[in-house]
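Just one chain follows, in the form predicted alone, and it is written as structure tokens.
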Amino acid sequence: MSGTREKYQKVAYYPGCALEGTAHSYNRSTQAVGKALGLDLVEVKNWNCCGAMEVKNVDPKLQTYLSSRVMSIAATEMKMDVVMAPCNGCYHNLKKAEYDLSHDPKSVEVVDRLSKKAGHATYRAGQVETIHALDWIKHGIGEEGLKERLRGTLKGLKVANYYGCMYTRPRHIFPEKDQGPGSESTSKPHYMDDLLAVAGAENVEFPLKTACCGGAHTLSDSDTSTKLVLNIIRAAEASGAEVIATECPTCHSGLEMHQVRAEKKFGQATRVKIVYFTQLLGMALGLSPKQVGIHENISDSLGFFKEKGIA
């Protein structure tokens, strides 16, 4: 286990586009939590967009190349073994590129051609391991290590842990999941639940933890996205949650914005707070609300956390 722990102590950090924009508080809190836990994040040099949704819809193999370039830089220029992507979209796309380069000769051919044209080393499947921020903390520190570093508590806080759909789907690109005791589950993920429980939170039984929030369609069909988000928020509130913990910038932004839109357009008011799991862990580790970017969220939760004695 110590060897596994050591592997995740220092990783190549791929924030992706969202964490430098609408999800700045996720970026801020992730780096702050890493520092508090003694985990070293080294940002990928000159990184590019992973291809997100737009490029993938135009040319899937171009998206595979864009994701492969990030992994190539980490492996060949930075000499790193692990890439950590806290964004579900980035994490998903890097994992998908890894799978495609292991199983599709045409993807290998396209990536090699584009890499040579761009003037960098071609990424070969297996050169790095891509992990999520949840894997990073779970395996880099673990529950016991986290417990030793707590300076506060989330005791009395009822949390619905929302993972979103891209963290677990499609299952075949996540071969490390569903591997028995200790591994993450694609049908009922639990890593976020495990970590927040150590910090003192009460995790409610939340049936929609991997339901789609409609984030990919929020511009083309806002009403559908609002209704999907409202389903998620209503389910969380019905489960007794005061807070929805997130680990995806698209989901987080969608929940926050459509919570507001649901009240303005449909008259459906909800009061649950939307907060990144790293923000919750950060406060439990003794960091101030400002250090974890609570003030940058749309969902105004500072007063709530002060009342709960957490902030």
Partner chain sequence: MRPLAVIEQRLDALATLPALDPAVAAELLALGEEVLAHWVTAKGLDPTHEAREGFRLLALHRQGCTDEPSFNACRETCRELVYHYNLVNLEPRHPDTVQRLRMMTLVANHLFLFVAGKLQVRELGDFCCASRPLREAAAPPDPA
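Residue numbers count along the first chain shown, from 1. Bear in mind the structure is a predicted one, so any value in this text is a computation, not a measurement.
Just so it is clear, the following notes concern the form predicted together with the partner chain, a form of the same protein that is not shown.
Is it the case that Thr4, His132 and Leu196 all touch the partner chain in the predicted complex, with a non-hydrogen atom of each within 4.5 angstroms?
No, none of Thr4, His132 and Leu196 comes within 4.5 Å of the partner chain in the predicted complex.
Position in contact with the partner chain when the complex is considered in the predicted complex, options Ala201, Ala74, Ile232, Ala97, heavy atoms within 4.5 Å:
Selected residue: Ile232.
Within 4.5 Å, heavy atoms only, which of Met192, Leu154, Met166, Val83 is in contact with the partner chain in the predicted complex?
When the partner chain is considered in the predicted complex, the option within 4.5 Å is Met166.
In the predicted complex, which of the stretches 114-122, 145-153, 132-140, 74-82 has residues with heavy atoms within 4.5 Å of the partner chain?
This holds for exactly one stretch, 114-122.
Hey, in the predicted complex, does Gly286 get a heavy atom within 4.5 angstroms of the partner chain?
Taking the distances in the predicted complex, the answer for Gly286 is no, it never comes within 4.5 Å of the partner chain.
Could you confirm whether Thr250 comes within 4.5 Å of the partner chain in the predicted complex, counting heavy atoms only?
The answer is yes: Thr250 has a heavy atom within 4.5 Å of the partner chain.
Does the partner chain come within 4.5 Å of any heavy atom of Arg28 in the predicted complex?
Contact with the partner chain, no.
Closest heavy atom of Asp59 to the partner chain in the predicted complex, within 4.5 Å or not?
Taking the distances in the predicted complex, the answer for Asp59 is yes, it comes within 4.5 Å of the partner chain.
Suppose contact means any heavy atom within 4.5 Å; which members of 284-304 contact the partner chain in the predicted complex?
Not one residue comes within 4.5 Å of the partner.
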